[in-house]
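As structure tokens, one chain now follows by itself in the form predicted on its own.
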């Protein structure tokens, strides 16, 4: 390795390290603040490790709010969204990538076009539709939009299946496999990384979704964590330690899921970009 390349490599390493520290510092401050008494939160210089630890903020979050119910609701909605998104998007992506049928290009264009419409534009007609279907204050009102109209997920899985050789699909058809068997026995196992990556994205989207639950779920016992934590601010606007405790509890599952599946996430993103 030449001297110039060594300098470039060391410089990049230093820059990436600094960037990582800047990115993770707010998260560490959040966790640290959640374990402090309210009066110690804004001490300066910052006490990254609290001098006096307390679990009162976490106890208050569970005792003063239906936090456990919000957790249960969020897990339920997220599981339905992840499973539904992976199943529907993989089936649609396979059809658009490997099956020829009339109007395929136009239907695919319709789904891609939905990516260009901001969520805020769809809120009023979507609310009126759900009201007619009696889905207001029902968890299905939050689940259905992610599962049925996920243009990005369909596009992502189509790109992944496009990377599979056409010769492999044709050989399976010559051997008598139906499209269903090809999808289940050949395409899905080969696209495992992309499926997991899409599942992780769906998990994060659903777990952090705020606008949908805020509009469609009116009962506090049916709410999710993202909206519930916001109510902390309304009731305890000056108690930042309590707010940080609520945010820390909400963040833990996201970190765990990402750490477990990050290998597949990187592989899946790389696989989906192999072929245009």
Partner chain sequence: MKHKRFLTKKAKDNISGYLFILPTIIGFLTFMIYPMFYSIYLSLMDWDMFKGASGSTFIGFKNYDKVFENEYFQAGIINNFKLTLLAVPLLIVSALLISTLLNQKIYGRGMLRVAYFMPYVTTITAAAVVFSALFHPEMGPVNGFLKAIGIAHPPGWTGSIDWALPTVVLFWVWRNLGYCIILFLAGLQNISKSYYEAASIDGAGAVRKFFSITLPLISPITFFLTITSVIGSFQIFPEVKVMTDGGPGTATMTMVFHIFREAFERYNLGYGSAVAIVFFIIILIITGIQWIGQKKWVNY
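Positions refer to the first chain, counted from 1. In this text the structure is predicted, and so the values were computed from the model without any measurement.
There is another form of the same protein, the form predicted together with the partner chain; it is not shown, and what comes next is about it.
The contact with the partner chain in the predicted bound form, taken as any heavy atom within 4.5 Å, belongs to 126 out of 193, 163, 138, 126. Taking a 4.5 Å heavy atom cutoff to the partner chain in the predicted bound form, the contact residue among 83, 107, 171, 75 is 107.
The candidate site formed by 96, 102 and 226 is fully in contact with the partner chain in the predicted bound form, as each residue has a non-hydrogen atom within 4.5 angstroms of it. When contacts are judged by a 4.5 Å heavy atom cut-off, residue 71 does not count as touching the partner chain in the predicted bound form. Residue 52 falls outside the set of residues with a heavy atom inside 4.5 Å of the partner chain in the predicted bound form. Remark: residue 208 counts among the residues lining the partner chain in the predicted bound form, judged by a heavy atom distance of 4.5 Å or less. Under a 4.5 angstroms non-hydrogen atom cutoff, the partner chain in the predicted bound form lacks residue 79 among its neighbouring residues. Although the partner chain is not shown here, in the predicted bound form the stretch 120-158 places heavy atoms of 120, 121, 122, 123, 124, 125, 126, 127, 128, 129, 130, 131, 144, 145, 148, 149, 154 within 4.5 Å of it, in sequence order.
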